[in-house]
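Shown next as structure tokens: one chain only, the form predicted on its own.
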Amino acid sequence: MSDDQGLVLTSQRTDLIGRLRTTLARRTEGRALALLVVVAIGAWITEPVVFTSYDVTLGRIALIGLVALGLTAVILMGELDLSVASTLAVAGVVMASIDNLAIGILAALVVGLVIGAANAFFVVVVGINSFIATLGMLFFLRGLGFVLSDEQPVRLSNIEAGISFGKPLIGDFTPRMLIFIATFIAMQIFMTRVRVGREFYAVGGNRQAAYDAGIPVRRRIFTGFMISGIVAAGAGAINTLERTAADPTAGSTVLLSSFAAAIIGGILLTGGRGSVFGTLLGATSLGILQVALTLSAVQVDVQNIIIGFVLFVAVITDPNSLRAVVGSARSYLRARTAPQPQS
């Protein structure tokens, strides 16, 4: 082989490695994939029934994943929605309180849209920080759910429909799983192929630049919160159907799990980076983990501790966080090793 051919091959190999590094740097799902592998192996060793009772596992993944997919639209723009769990509970209570099942489901979805629009109003128009605005909404909706239900579970008027909803519809897939899959596909297309969805990244990446580029930032924030609200309300309707009753305390563990799924999936809390597919990986990891812990008779409070620890590890292992820590450590070492001025 001539020297010229060797140089060409070396150059091609270098370009391939460079493109591979660039691609990996742009992807954000690495932590979620690593966690999924670790959790799957651990579950297979300790509780292999997780994979044989996959209807239970997939059902849990679907509940966490649905709420997390809605949150993805909000977090990508650098905002937070802490009211999703309460939205789930209130939507379920509203749905169960209406005798006509179809109208009840429609009313629950409308409630989700209204809550999302109200959150966006406080954030965009009033100017309240999204953390504070949605935290207040969380407490308001939690109290509203107890008032509407008289602090008691509200049973569906059509219990047979709820029982039928929990049965497999296509193969071994229940309606909850199919709705989750359809929502994932719709969100993936919306965030990657639709202009409005792609603009969410611009809003989260650099809001002022998005304004300067003519993107209707306020409208996009309204859209994101309304997506989060209607998806959480849909999850509440699904949960009520499968349980044949609405519980005002429903979704108490969903908030932490759904946020963890999104963050573990690689979504940056300050916005502008992440993917729907990463959220799916994060929800799958946490769903398997929760089912395995439940089958191992681990208490819910302990499960929350474990999920919180996993979320903490995911945050501190973010490349940006690691670079910041390394930079701080280097600055500290330079300051310690620098020669001191003579007095």
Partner chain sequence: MTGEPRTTRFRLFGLALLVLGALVLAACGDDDDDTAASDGGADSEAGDDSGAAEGGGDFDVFALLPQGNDQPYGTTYLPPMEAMADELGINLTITNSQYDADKQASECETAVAAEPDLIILWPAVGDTVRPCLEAAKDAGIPVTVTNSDVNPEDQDLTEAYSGPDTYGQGVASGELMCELAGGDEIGIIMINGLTGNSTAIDREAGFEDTINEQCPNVTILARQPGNWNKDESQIAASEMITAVGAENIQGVYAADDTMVAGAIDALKARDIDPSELIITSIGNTFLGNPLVVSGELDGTVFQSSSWDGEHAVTVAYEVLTNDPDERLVEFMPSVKVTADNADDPSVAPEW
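Positions refer to the first chain, counted from 1. Computed from a prediction, not measured in an experiment: that's the story for all the values here.
What comes next is about the form predicted together with the partner chain, which does not appear here.
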Heavy atom within 4.5 Å of the partner chain in the model of the complex - residue from G145, G224, G251, G112: G251
Joint contact, E29, A186 and G234 to the partner chain in the model of the complex, by non-hydrogen atom at 4.5 Å: no
Partner-proximal stretch of 131-139, 178-186, 146-154, 116-124 relative to the partner chain in the model of the complex, 4.5 angstroms, heavy atom: 146-154
Non-hydrogen atom contact R243 with the partner chain in the model of the complex at 4.5 angstroms: yes
Heavy atom of V302 within 4.5 Å of the partner chain in the model of the complex: yes
In the model of the complex, V298 touching the partner chain (heavy atom, 4.5 Å): yes
L281 within 4.5 Å of the partner chain in the model of the complex, heavy atoms: no
Within 4.5 Å of the partner chain in the model of the complex: residues from 267-294 (heavy atom criterion): V291, L293, T294
